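Here's a solo chain for you in structure tokens, the form predicted on its own.
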Amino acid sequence: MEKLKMGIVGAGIWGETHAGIYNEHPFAEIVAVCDLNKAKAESLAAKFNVKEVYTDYKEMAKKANCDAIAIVTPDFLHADIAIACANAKKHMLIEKPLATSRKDTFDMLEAIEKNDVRVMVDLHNRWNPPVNTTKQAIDAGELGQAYSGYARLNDIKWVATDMLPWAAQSSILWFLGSHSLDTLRWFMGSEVERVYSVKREGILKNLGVDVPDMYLTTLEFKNGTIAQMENGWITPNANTNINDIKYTVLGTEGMINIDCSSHNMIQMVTDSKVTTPDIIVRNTVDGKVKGFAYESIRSFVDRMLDDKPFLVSLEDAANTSLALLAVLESAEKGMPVTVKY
């Protein structure tokens, strides 16, 4: 079997994660790396013995001998890169969300359709074992009909203040809300029809990051189901886990509760701190990366090779972005907003 030749745009922390996974995969190889910061691109390329290094994604899309390109940049930069890659007939794995504006969403969809390329957006919570098991139970009818849901996906302040230098140009809704909303859509088996969201701000602004702290959102789905969604960037830094991940699905004949943060599977205690090691989202075993945040990237390679459908369709990704735009609009206006597809 021939190897899938991958290019990577974005040589940051997660770009290096992509590179490591492609390097591990027996049927993938990295052939090109691109970043505006040439030193970062060269450093990542050297680590994985990649010969082609670019600082212009358009040049890479045209010249690199790759089958697919991973777009691992800040969320608000996806559109122009994706359109250039599509026009160069390159398949793509795009980090979530697909796009952060309505125009970008539809411009990307048009370019992807016109050039007939395959695209998956890395909404990796679908690979989360408890989440995936819940979806299987729903589909098997074990809970009866899905009736309501709850999603809580928060980060500690450090993510917005230190980890992401571009946090003020994004939102917790794009960074984590995209996972929350896609998961709830998946569970409910329906698109969001109407949203009502409220936000609070002040804590992060006082820390020098001009972005809302949190959103609380009510979602009404077209099939009549309802859900609540909580997303914030202000969990205390001393929390035992960077992420706070919890879900509940109530059906007409049963219920499932998920706790991926305080999961009680392992806890590490010293004289100075208590830590809940991450064994679900991102971890390593025998020197190889594991966890559901990595499985989605591996799955992209597998589906490109066997030509089977992606677990996250392009429609899933687009409708998640469009619903999140309605959430942002609702929080600004202080009133319910109908989602425009």
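Nothing here was measured: the structure is a model prediction, and the numbers come from that model. Don't overthink the numbering: it's just position in the shown sequence, from 1.
Just so you know, the form predicted together with a small molecule exists too; it's not on screen, but the next bit is about it.
If the cut-off is 4.5 angstroms on heavy atoms, which of these, Thr183, Thr73, Ser197, Thr105, is the one near the small molecule in the predicted complex?
Checked against the cut-off, the match is Thr73.
Just one of Pro129, Gly254, Gly141, Pro165 has a heavy atom within 4.5 angstroms of the small molecule in the predicted complex, so which one?
After the contact test, the surviving option is Pro165.
In terms of non-hydrogen atoms within 4.5 angstroms, which of the given stretches 27-35, 305-313, 61-69, 269-277 touches the small molecule in the predicted complex?
Stretch with heavy atoms near the partner: 27-35.
So, in the predicted complex, is His78 in contact with the small molecule at a 4.5 angstroms heavy atom limit?
Yes, His78 lies within 4.5 Å of the small molecule in the predicted complex.
Would you check, heavy atoms only and a 4.5 Å threshold, whether Tyr215 touches the small molecule in the predicted complex?
Taking the distances in the predicted complex, the answer for Tyr215 is no, it never comes within 4.5 Å of the small molecule.
Would you please decide whether Lys40 lies within 4.5 angstroms of the small molecule in the predicted complex, comparing each non-hydrogen atom pair?
Result yes; Lys40 sits at the interface with the small molecule in the predicted complex.
For Phe175, is any heavy atom within 4.5 Å of the small molecule in the predicted complex, or not?
Yes.
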